[in-house]
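Single chain ahead, written as structure tokens, the form predicted alone.
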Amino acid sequence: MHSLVIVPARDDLPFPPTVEEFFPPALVDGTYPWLTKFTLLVWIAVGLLIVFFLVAYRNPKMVPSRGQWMAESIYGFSRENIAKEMIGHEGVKFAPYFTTLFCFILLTNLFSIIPGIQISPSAHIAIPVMLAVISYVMFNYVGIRRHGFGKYMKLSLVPPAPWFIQPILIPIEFFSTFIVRPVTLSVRLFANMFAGHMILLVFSLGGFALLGANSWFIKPISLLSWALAIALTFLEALVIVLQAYVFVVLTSSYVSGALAEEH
């Protein structure tokens, strides 16, 4: 009678995966503990974006090259479909930031489905938190600069409601505007990329585990596991684009609210 015990096919492919995947060791032991795979990927993403836009605009033409067309399309999308759509004409001045934010999140997210990398820096909570903090500081700064600190706080915390329920509403508005916004902005991106990586890892490594099973009845199921991993990779690609878009849209909506004259 065949045993149904499943063992990994290779010692370097532990199954099931653990959260240790999201805490990679330092690339240079004992010298630079902060220099990890995530740090390197962030630098690579920044470098690629700088090179791409510099090359695309080094010799702009009336009839754009493919690279210039791609760069202009990305910027035009952020300007017309996000900045102006959410904020109005004044949103044009925020378009460069929204374009940079969208491209950075999109590229770092794409690392999670690139063979050989297969993990996104956004799957580590520190990266989404820092992006959320930057957006949080920006929308509060533009609101204070527009209205002044006192009026901005009044517009943010005092909704148009009877005075006797303001003691209840003001703490709720404070919690929603100044605490929930940055938390949800970062956690949404982190959770999606964390979950996506874990799911792909489970089905990919699960295929090797099934292939190494002692039972020949179990081994063919590894093909199904790998097929699901491929299918889920395409789904993850859609999630990657949507999460970059949602992060930027929410940031623009917060900027719009900060600039508004009414609650």
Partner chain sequence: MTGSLSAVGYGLAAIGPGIGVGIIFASYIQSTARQPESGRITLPFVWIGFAVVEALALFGIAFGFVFGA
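Numbering follows the first chain given and starts at 1. It should be emphasised that the depicted structure is a prediction, and the values quoted were computed from it without experimental measurement.
Omitted here: the form predicted in complex with the partner chain. The next part is about that form.
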Taking Phe190, Leu242 and Val249 together, does each of them reach the partner chain in the predicted complex with some heavy atom inside 4.5 Å?
yes
Counting non-hydrogen atoms within 4.5 angstroms of the partner chain in the predicted complex, say which of Glu90, Glu173, Glu85, Glu72 makes the cut.
Glu85
The partner chain in the predicted complex has a heavy atom of only one listed residue within 4.5 Å, and of Ala237, Ala195, Ile44, Leu224 that residue is Ala195
4.5 Å heavy atom contact, Thr100 to the partner chain in the predicted complex
no
Heavy atom of Thr184 within 4.5 Å of the partner chain in the predicted complex:
yes
With the partner chain left out here, work out from 142 to 150, 162 to 170, 176 to 184, 111 to 119 which stretch has heavy atoms within 4.5 Å of it in the predicted complex.
176 to 184
For the stretch 106 to 144, which residues lie within 4.5 Å of the partner chain in the predicted complex by non-hydrogen atom distance?
none
